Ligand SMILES: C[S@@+](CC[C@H](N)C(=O)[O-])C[C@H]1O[C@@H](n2cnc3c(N)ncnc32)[C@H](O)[C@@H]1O
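Read the single chain below, which is given as C-alpha cells and is the form predicted on its own.
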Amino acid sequence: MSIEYDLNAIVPPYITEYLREKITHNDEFLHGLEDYAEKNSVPIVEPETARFLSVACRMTRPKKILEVGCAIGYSAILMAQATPDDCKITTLECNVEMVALARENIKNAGYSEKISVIEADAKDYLSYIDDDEVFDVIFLDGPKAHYIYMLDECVRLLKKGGVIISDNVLYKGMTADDNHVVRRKITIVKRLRRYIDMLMEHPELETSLLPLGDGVTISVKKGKQ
C-alpha cells in the first residue's frame, strides 16, 4: 500500500531538525523570499540543499552558471552571493508570472548585472545554446520529469571538470521505494529512476547521490580542464 508523501522518508526528522538548527542564516532578503515561498506554495530548495549549493559554488568558484528552474529567483540569488563578482548566471523559467517576479527580486537584491532570467522551456531551449557557451556549474531544479530529456544537452554544455547538481531526485522517498510511491506520481518516479541510472552509467560523468533535502546528485564531468 502506498502512502501520501512521507515527508520523513529520506532523512529522519530529528536529523533534519538538527541540520536546520546548524544552518540558520541572517540574510533578511532571503528570509523574505523564504516566507513568500511558504505562504504562496512556491517550491524552493530545502534549507540544507541551499547550504550545499552555496558551499559547492564557493568551492568551485564558477565563472558561468546555468540554472534550470528559476521560480522566484531564490537559488539564483543564493548562488550569486556565493560566487566571484565576475560570475554570470543564466537562469531559465517557463512560467511568465515567475519570470517577472524573479526579475524583480533579483533587481531588488542588486544582482541584475550578474543574473539573466530567460523565459523559456529548458527542455527545448538548451539545444539552441552554442557549443562554445560552456558552463562551470549547471543546477537542475525544474520539472523533474524532464531531467532525462535534458541530460545530454547539459553534458554537452558543461566544461570538463564542471559539475551538474540535480535537486529533488529522491522525491519524498518515492524514487527509492515502491511503497512510498503515490499512484499519480508513477510517471515522474519512473523517469527519475531512469535519470539516476543515466547519471550513474554516463561515461563522461562521475556522480554521487546524496540523501540531502529531497535528494541531490552532484556529477563531475571527467577529463582535464
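The first residue of the shown sequence is 1; numbering continues from there. Predicted model only: the values in this text are computed from it and were never measured.
The same protein also exists as the form predicted in complex with this ligand; that form is not shown, yet it is the one meant from here on.
Next item on the list: Consider Leu170 of the chain shown here, and say whether it contacts this ligand in the predicted bound form, taking contact as heavy atoms within 4.5 Å.
Entry: No.
Check: Taking heavy atoms and a 4.5 Å cut-off, does Ala82 contact this ligand in the predicted bound form?
Finding: Residue-level check for Ala82: no, no contact with this ligand.
Next item on the list: With heavy atoms only and a cut-off of 4.5 Å, decide whether Val134 touches this ligand in the predicted bound form.
Entry: Judged by the heavy-atom cut-off of 4.5 Å, Val134 is well away from this ligand in the predicted bound form.
Next item on the list: Answer for Ser112 alone: is it within 4.5 Å of this ligand in the predicted bound form, judged on heavy atom distances?
Entry: Result no; Ser112 lies far from this ligand in the predicted bound form.
Notebook entry, point to check: Judged by heavy atoms and a 4.5 Å cut-off, are Leu126, Ile138 and Val163 together in contact with this ligand in the predicted bound form?
Noted result: No, because Leu126, Ile138 and Val163 lack any heavy atom that approaches this ligand to within 4.5 Å in the predicted bound form.
Check: Heavy atoms within 4.5 Å of this ligand in the predicted bound form: which stretch among 189 to 197, 153 to 161, 24 to 32, 64 to 72?
Finding: Result for this chain: 64 to 72.
Next item on the list: Scan 84 to 103 and note down the residues that get a heavy atom within 4.5 Å of this ligand in the predicted bound form; none is a fine answer too.
Entry: Read in sequence order, the residues that approach this ligand (within 4.5 Å, in the predicted bound form) are Leu92, Glu93, Cys94, Asn95, Met98.
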